[in-house]
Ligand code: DHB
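Given as structure tokens, the chain that follows is alone and in the form predicted on its own.
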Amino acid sequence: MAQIIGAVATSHVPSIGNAMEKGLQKDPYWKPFFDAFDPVHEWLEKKKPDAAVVIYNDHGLNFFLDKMPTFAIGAAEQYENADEGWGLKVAPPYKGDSKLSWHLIDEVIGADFDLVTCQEMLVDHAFVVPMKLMWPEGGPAAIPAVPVTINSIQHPLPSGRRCHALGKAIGDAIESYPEDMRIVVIATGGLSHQLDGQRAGFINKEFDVFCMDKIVNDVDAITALSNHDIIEKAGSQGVELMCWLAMRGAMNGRVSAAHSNYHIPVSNTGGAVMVFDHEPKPVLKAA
């Protein structure tokens, strides 16, 4: 059976991709952020995942305001990237695993979640930038991925509690997959930031640190917050935190933080990365 070996969560702002393109990883502004990924690379090399489930929010490359699904999942053998206007180079196609995707789709819909199933799907910087951060040398060939998007753009938005429950359904689906696979769950987005309006440039370090602490062993302290609460505390784009909540929901066993780093500012964003070890609950066998 497949198993969830753990998870990685990271911010995904496009400027990170531009910094990588320009070779600014050792620049004093960027160094504290990029240095935090050395332990991530070591962890991935040790764990050797066979596939990734990547939970993120689309920014208009694949969906737009006239048609914005609450939850969507890719079911393709590859995923194209395209020009978003951020100055990022268009990445080669990323590998998918349609067999794993369809299993997740069947199981998650069976758990009463209404997913939009995408047999063709573009992936934007929220997918591409984290994948480059995780596997800077491997690129698109590094690991097959299943993209899962959560609407954090067009109101009404799903609640943090609902996204956490979606993650539980995804985790159950992964652990019922009959293939012998090691799967890492990746969440991208956040933390606190606001790109427009009177609070443009807003960052709330205290709230970000609170979330990074509570998401390990007290996730209910975060899911109890309404979207209005999160926007007030983390900015209008801070609701990308819901992707982290879905990731956390996927891990139903014992969870510990293997690595954690927080650095501000990263392009007016709370730049965070966390790695989670996961020890699945033992399967009880009938006597």
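Treat the numbers as computed from the prediction; the structure is a model and nothing was measured. Start at 1 with the first residue shown and count on from there.
There is another form of the same protein, the form predicted together with 3,4-dihydroxybenzoic acid; it is not shown, and what comes next is about it.
- Contact check for H164: every heavy atom lies farther than 4.5 Å from 3,4-dihydroxybenzoic acid in the model of the complex.
- Contact between V13 and 3,4-dihydroxybenzoic acid in the model of the complex is found at the 4.5 Å heavy atom cutoff.
- The closest heavy atom approach of L195 to 3,4-dihydroxybenzoic acid in the model of the complex falls within 4.5 Å.
- Though the partner is left out of this view, H59 does reach within 4.5 Å of 3,4-dihydroxybenzoic acid in the model of the complex, counting heavy atoms only.
- Along 31-55, a non-hydrogen atom within 4.5 Å of 3,4-dihydroxybenzoic acid in the model of the complex is carried by no residue at all.
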